[in-house]
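Before any questions on how it binds or moves, here is one chain, the form predicted on its own, in structure tokens.
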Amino acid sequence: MVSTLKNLAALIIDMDGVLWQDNEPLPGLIEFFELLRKRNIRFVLATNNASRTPEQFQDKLLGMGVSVTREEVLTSSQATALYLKDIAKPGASVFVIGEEGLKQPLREMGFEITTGSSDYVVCGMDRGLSWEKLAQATLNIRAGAKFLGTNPDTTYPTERGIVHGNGAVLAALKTASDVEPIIIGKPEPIMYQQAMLRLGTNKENTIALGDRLETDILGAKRAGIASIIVLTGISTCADLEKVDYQPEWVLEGLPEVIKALQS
């Protein structure tokens, strides 16, 4: 595990609450990426958000003055598709509760998206969620379909306030089917492991950067890598006192991350 930022080869970076809040870039965003490019610090932007495609994240960052490649973005939807590719037969059928950000990587991996019975049920954020979707998913899981969740986030911040997240939907399906889902996103280590494979790095030279203790930081602990938490998103200093795991560094925001990387 990295003990000093001088040994850093790569960062696995969360986006919402770290790089931006809603549609507003956080202070230091452009300078942060300029430093990463200058120092040849590789990175993957790893998010539990399963509703957007990598291209949508690229476009959002480009609108804020930052250019990243598709390979530098890893969503929980992509991570789920990669995981399924390793365990499922080619062309297996998948019933999806989710949006295009989830369906696209599954199709790219050659899976059949179905509206009926299926080999797998994959659940991500779905703003078109209906009783019928929940019913079909429950029937499929009860009939033996393997049950996967892109992420376990129980809440989701919106302009209207905090609303239910994917974890709340997973809880409903778990209750209805008596089956525990396999979770792919943070805080499970799978996304971090996939990101390190993509980066060609290891636990000794990779650091996670996030804003949420129960996903970003706990996920890093489970993956065996060091972590930095910034206080521009969900978790606060008070929250740090409530958990028995801690990040290696606590910084106010991206300007402080930049200073730490330069020291």
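Numbering starts at 1 and follows the sequence shown. The model shown is predicted, which means the values in this text are computed figures rather than measured ones.
Another form, the form predicted together with another copy of the chain, is not on view; read the next lines as being about it.
The stretch among 165-173, 86-94, 69-77, 181-189 whose residues place heavy atoms within 4.5 Å of another copy of the chain in the model of the complex is 165-173. Only one of the listed residues (129, 113, 148, 109) places a non-hydrogen atom within 4.5 angstroms of another copy of the chain in the model of the complex, and that residue is 129. Using a 4.5 angstroms heavy atom cutoff to another copy of the chain in the model of the complex, all of 139, 142 and 161 count as contacting. Of the heavy atoms in residue 104, none are within 4.5 Å of another copy of the chain in the model of the complex. Contact check for residue 125: a non-hydrogen atom falls within 4.5 Å of another copy of the chain in the model of the complex. Proximity of residue 193 to another copy of the chain in the model of the complex falls outside the 4.5 Å heavy atom cutoff.
For the chain shown alone, residue 82 is not a contact residue for another copy of the chain in the model of the complex, no non-hydrogen atom being within 4.5 angstroms.
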